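One chain comes next, on its own, written as structure tokens: the form predicted on its own.
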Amino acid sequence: MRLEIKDLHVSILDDQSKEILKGLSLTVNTGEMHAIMGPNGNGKSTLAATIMGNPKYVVTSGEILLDGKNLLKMSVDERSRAGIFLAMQNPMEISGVTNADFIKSAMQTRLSEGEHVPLFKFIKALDKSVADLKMNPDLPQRYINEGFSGGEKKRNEILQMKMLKPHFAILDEIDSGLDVDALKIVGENINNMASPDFGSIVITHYQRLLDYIDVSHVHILMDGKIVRSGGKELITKIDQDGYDWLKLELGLEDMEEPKKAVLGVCGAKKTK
């Protein structure tokens, strides 16, 4: 499968004069792992939210295609059922809903009418995924993220990804708030998802998470656009020299970082 982003321009719904993404283009195929890096406030989280359908953002021009189908015409749940998954930067707490019930319901929505998630197979897979992530065995019966630490919330996002097995996963700063041990566990579990049926976009500021993920492509996003693409050599360059060399090269050295937009529940294409 292929996820194509073509000349994407995105603004904030409450201030459409403020453009965040300014002609971003990116193609991700299943079987590939792409890392997107860049300074704060340049559009990384906006890209993630727009792919998933966050109504706080308006696509003013450009396309997002999933195997040629217009993703922007799909609702959030349709995008999810089509195989798009977003691991959120700030996962919400949902009281009264257990992790097991939530994941099982999400899996059920992906099945054809009349089909059901096999209970024994589900429990076995969930227990294995919990163990893989070195989470507390009682996690399936705990309410979603309630009382969880920041690191536990991030691991819970990866747990959902492992169970749902999306075609494309967008991981928005999944490394923030993780200690060294948890970072290794999360990175290795993401890397173990690699297959011809799975592609990912890993959004991160830091090189450390990418020590555990065998990314095939690296992109630097600045001023609302992908300004440089390459391989792992870019990770090393950023780790050693930061982003100032690229700002200088692109004439962005005096660019003031925009304020970071707050992620909401979950862009829609602007309609006339």
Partner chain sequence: MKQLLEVIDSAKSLIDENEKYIIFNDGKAIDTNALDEVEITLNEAIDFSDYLRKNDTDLEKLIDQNAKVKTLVSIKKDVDLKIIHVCDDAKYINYQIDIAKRLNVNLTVVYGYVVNDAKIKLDVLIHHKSVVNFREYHEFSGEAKINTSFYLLRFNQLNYLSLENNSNTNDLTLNMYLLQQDISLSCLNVAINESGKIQNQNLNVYHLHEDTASNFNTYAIANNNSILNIKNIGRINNGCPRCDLKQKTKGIIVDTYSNIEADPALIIDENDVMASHGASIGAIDPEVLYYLMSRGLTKEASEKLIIEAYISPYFKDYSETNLGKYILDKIK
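Numbering follows the first chain given and starts at 1. Being a predicted model, the structure only gives us computed values, none of them experimental.
Omitted from view is the form predicted in complex with its partner chain, to which the following refers.
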item	value
Candidate stretches 89 to 97, 133 to 141, 198 to 206, 118 to 126, one within 4.5 Å of its partner chain in the predicted complex by heavy atom	89 to 97
4.5 Å heavy atom contact, residue 52 and its partner chain in the predicted complex	yes
Residue 228: touches its partner chain in the predicted complex, heavy atom cutoff 4.5 angstroms	no
Close approach of residue 80 to its partner chain in the predicted complex, 4.5 Å, heavy atom	yes
Residue 56 within 4.5 Å of its partner chain in the predicted complex, heavy atoms	yes
Non-hydrogen atom within 4.5 Å of its partner chain in the predicted complex for each of 102, 105 and 160	yes
